[in-house]
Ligand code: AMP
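Quick setup: one chain, the form predicted on its own, written in structure tokens, and binding and motion questions come after.
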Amino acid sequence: MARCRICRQKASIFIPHHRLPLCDEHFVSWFENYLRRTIQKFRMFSREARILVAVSGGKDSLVLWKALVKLGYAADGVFIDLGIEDFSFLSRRVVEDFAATLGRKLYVVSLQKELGFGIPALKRRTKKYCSLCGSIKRYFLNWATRKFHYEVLLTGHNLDDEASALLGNVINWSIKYLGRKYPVLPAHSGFPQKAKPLCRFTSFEIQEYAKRQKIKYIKESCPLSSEAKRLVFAEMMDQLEEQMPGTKLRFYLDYLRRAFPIFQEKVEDFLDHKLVTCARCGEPAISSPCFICRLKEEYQGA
């Protein structure tokens, strides 16, 4: 019978890549301390920073928000309502209930209100709706961070996400992405500072923390999502991890230590377009008017 590394009582969880057996109580404290150390290691933000967490209703973002508040950070949330019928309605309700439980402020950005249409309407007009949806969410997350005067925007990307995305970027030699593949990015060109505090946590660890903290979250994925390529890379990393525990963490951290500085040094040379300021909305973009302003114009003219 495995014993908790801290108290020597019966362990309820084993973390393979750390070779760490823990009981419920010490798993929760380990998780929160590891999060705090991750923030400090990558110098993500200070204790006094005004933090905005992008929350979707899924386990990753809600766990991040909960753990940050428990650690004493002044973290509020922002939810992008995509207008995807029942999915968005249920996600919004989960996030609003969670914010009330935490006692923290939540901002809701409705695409229907800001754009005049939701993602289902976009899907009816183009096959590229999934990638466009990602760009729209990034735009409004940046916009909300600036509008509501927060210093840093956080997302719930975990180690599984980062390792599989890194594998895809390496296989395709997507240099412009490799040059910005870091868990904290400073504010630049009108974009707010961004960070991924869960970058060293697996989906399994996050799920176990959610279970022990009794966090209710949306388990279903977006009904409109099309992520075939990403899932292939995720499955490849899962297979490697199963055969060689610690592969994901080693692959990701070794990239940050050894390869990222090389790509980052000349990241501006790898960009397809230089950033400008949109003449209509004032947000940073690769062209003016930006794609959001063009979308509004196209939709209104349809």
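Here the structure is a predicted model, which is why all the values come from computation and not from measurement. Numbering starts at 1 and follows the sequence shown.
Another form exists, predicted in complex with adenosine monophosphate (AMP); not displayed. Remarks below refer to it.
- Shown here without its partner, the chain carries S56, K137 and L141, all of which come within 4.5 Å of adenosine monophosphate (AMP) in the predicted complex through at least one heavy atom.
- The closest heavy atom approach of G156 to adenosine monophosphate (AMP) in the predicted complex falls within 4.5 Å.
- Adenosine monophosphate (AMP) in the predicted complex comes within 4.5 Å of no heavy atom belonging to A75.
- Adenosine monophosphate (AMP) in the predicted complex comes within 4.5 Å of no heavy atom belonging to I206.
- Using a 4.5 Å cutoff between non-hydrogen atoms, I80 counts as a contact of adenosine monophosphate (AMP) in the predicted complex.
- Among R93, R180, R230, R125, the residue placing a heavy atom within 4.5 Å of adenosine monophosphate (AMP) in the predicted complex is R230.
- With adenosine monophosphate (AMP) omitted here, the record of contacts in the predicted complex names 47-55 of 257-265, 27-35, 47-55, 236-244, defined by a heavy atom within 4.5 Å.
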